[in-house]
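One chain comes next, on its own, written out as structure tokens in the form predicted alone.
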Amino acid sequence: MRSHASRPHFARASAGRLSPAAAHAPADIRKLFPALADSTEIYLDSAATTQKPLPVIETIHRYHSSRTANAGRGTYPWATSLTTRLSRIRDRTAAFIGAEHPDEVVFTGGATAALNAVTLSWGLAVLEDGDEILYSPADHASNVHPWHHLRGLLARFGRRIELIPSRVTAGGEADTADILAKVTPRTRLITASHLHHVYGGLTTLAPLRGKLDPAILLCVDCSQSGGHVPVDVTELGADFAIFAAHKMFGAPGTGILYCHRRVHDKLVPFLPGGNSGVLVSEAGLVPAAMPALLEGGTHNIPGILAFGSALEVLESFDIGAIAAHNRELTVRLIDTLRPIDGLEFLPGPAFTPSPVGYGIVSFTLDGITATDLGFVLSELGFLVRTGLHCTAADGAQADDSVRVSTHIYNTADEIDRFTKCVMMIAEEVR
């Protein structure tokens, strides 16, 4: 059954600005990404990882080749200048995601590390026997497995929590009506993807705020939306929000965990050690201030510096314009794939009543497996993702599929060439 629920709009769309196509010629955009400039292949897998622009690559090289040092450790200029730069990037990150305070931004080892930090620093500390968490089994495994792991850990200490599964609509969004129906007095947290990694549906839980007990926390996985559409964690009503730098033009191994100030006093260190801001007393470890509380160990300094450069590139394009560009490509992709006999879309923008899209479309084709189709496409120069796309296998009825995902460096011509290729393959396997 198809769902035609109302959809959020882009609050920060680029009114009055040139679109990327008008402001930047496609060839110039491609030159900014060296891996694309040197390739004749068409990259359609930005939901897995985005290509890296030259400023990001240069930043990483510069750190390792000039004045390499540790941040927050020394009083000599190489170290102190790095400390200042990381602080400025934290400030910039807070502004980019709509956080009200820089101390709400935690640098992590990636989105998976950020989600596990929530379970270990918050869940272990506050959840009691009988408490409940609502989640979607169809979400990325990184927003499913950590909650199951948390349940197992708590069970060892005699605390049994319940994980309540919620549904996804035909439009690829979290079913907010289903979530509301499953909320109970024991619900402590609701977690969902902002932009679904397979379906491409955009979800906001913010409208639930007025219908929920204010004590219920909201955790939003923005791994796919960050750097692709405008994200404002305050507007989302998030208590926790997660971002993956490598899907935002940044380097792998870097993530962002947003923690609203109202949860700071509920957190405990999950990685105590050097730089964690944890004090030792006779009574044990005494938590110190955020964000150091959750940043034990040496930072991924080149990764964070690279993320700062990635934010500059994203802002130079205008994130609202990037979203509009992806929407145009998504609609074009759906419209040109729809007439192909034997092609079936997974839930997502293809099942919505109006032309929307956020750069992710998944489908299957009769007569050929997704894996084989992906191999044939790669032989013809089209790089797409196939398989389960890291969907957790805990009851979700997931099937192998081909996923196409776009970004600012993709063009309408690439989409047209791709769909003609799929049409040709469909005719051959029919």
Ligand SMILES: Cc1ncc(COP(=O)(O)O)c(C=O)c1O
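Residue numbers here begin at 1 and follow the sequence given. What you are looking at is a predicted structure, and each value in this text was computed from that prediction instead of being measured.
What comes next is about the form predicted in complex with the named molecule, which is not displayed.
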Just one stretch in 80-88, 328-336, 153-161, 138-146 has heavy atoms within 4.5 Å of the named molecule in the model of the complex, so which one is it? 138-146
Is it the case that residue 402, even though its partner is missing from this view, gets within 4.5 Å of the named molecule in the model of the complex, heavy atoms only? no
Answer for residue 104 alone: is it within 4.5 Å of the named molecule in the model of the complex, judged on heavy atom distances? no
Since only the chain is shown here, I'm wondering whether residue 203 would be in contact with the named molecule in the model of the complex (any heavy atom pair within 4.5 Å). no
Can residue 294 be called a contact residue for the named molecule in the model of the complex at 4.5 Å between heavy atoms? no
Contact residue in the model of the complex, from 304, 190, 238, 244 (heavy atom within 4.5 Å of the named molecule): 244
Need the contact residues for 89-112: heavy atom within 4.5 Å of the named molecule in the model of the complex, sequence order, or none if there are none. 110, 111, 112
